[in-house]
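Next up: a single chain in structure tokens, the form predicted on its own.
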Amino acid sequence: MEGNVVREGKTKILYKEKPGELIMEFKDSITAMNGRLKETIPGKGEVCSKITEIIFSHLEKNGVNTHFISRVSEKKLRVKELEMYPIEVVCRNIAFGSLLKRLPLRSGEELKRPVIEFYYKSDELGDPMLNEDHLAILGVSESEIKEIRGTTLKTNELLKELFRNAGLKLVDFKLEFGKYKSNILIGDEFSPDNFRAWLENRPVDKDLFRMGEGRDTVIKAYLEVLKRLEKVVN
């Protein structure tokens, strides 16, 4: 299978299995600051793949379409092959991170409504924020923007409740989208690598790595998220 690599990123490898399907393998690596910080955390790939499976299965059961098909092995998921949009969609529920640099908000303040942001997926350009005119230049139509926004908001409502039932607070998250047979699906992953979650107002996500915490602290937090999610979906 190693000879059929379609794409390799900082934390995942995509392999071609058959027409219309890929194998997504999660690495044990973790990165931050556009790859300037790197580390290997044994077991992380398996944990992230399991959290992604839980989240995408929950979304599918509640009418949100994703590229997830099935589990292959400890670190590998079978997914539909998407024609990806070159954008990242961020949904924010709580004022934190870069939002504090743009709006006069207090850190940790609950937002009056979810904030949706679009970013151009480009490490070279630093993932700049986009408006809808920029999205049009990138070839994303008004109807596609509307559907992506709607799917993101529905995902947010479903996952805020799921995380709340797990004793966690969903601060914000990033989604990627792609087309499969003319349908727009959520792709990529959903794990503590691309969402922020707090347990009693303490991070249990990649912010720990950004803050300089060691591998043991990071994997312990990821495992806590997995344990709590498994408990509420089983």
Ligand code: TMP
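Residue positions are given as counts along the sequence shown, with the first one as 1. Since the model is a prediction, treat every value here as computed from it, not as a measurement.
Just so it is clear, the following notes concern the form predicted in complex with the ligand, a form of the same protein that is not shown.
**Q** Only one of Phe209, Phe56, Phe177, Phe195 gets a heavy atom within 4.5 Å of the ligand in the predicted complex. Which one?
**A** Comparing distances to the ligand in the predicted complex, the residue within 4.5 Å is Phe195.
**Q** Which among 166-174, 61-69, 43-51, 24-32 is in contact with the ligand in the predicted complex, heavy atoms within 4.5 angstroms?
**A** It is 166-174 that comes within 4.5 Å of the partner.
**Q** So, Pro86, Glu124 and Leu130: all three within 4.5 Å of the ligand in the predicted complex by heavy atoms, or not?
**A** So, no: the whole triplet misses the ligand.
**Q** With the cut-off set at 4.5 Å between non-hydrogen atoms, does Arg92 touch the ligand in the predicted complex?
**A** Output for Arg92 is yes: heavy atoms within 4.5 Å of the ligand.
**Q** Taking any heavy atom pair closer than or equal to 4.5 Å as contact, tell me whether Gly108 reaches the ligand in the predicted complex.
**A** No.
**Q** May I ask you to check whether Phe118 falls inside a 4.5 Å heavy atom distance of the ligand in the predicted complex?
**A** Result no; Phe118 lies far from the ligand in the predicted complex.
**Q** Is Gly97 close enough to touch the ligand in the predicted complex, meaning at least one heavy atom pair within 4.5 Å?
**A** Because a heavy atom of Gly97 falls inside 4.5 Å of the ligand in the predicted complex, the answer is yes.
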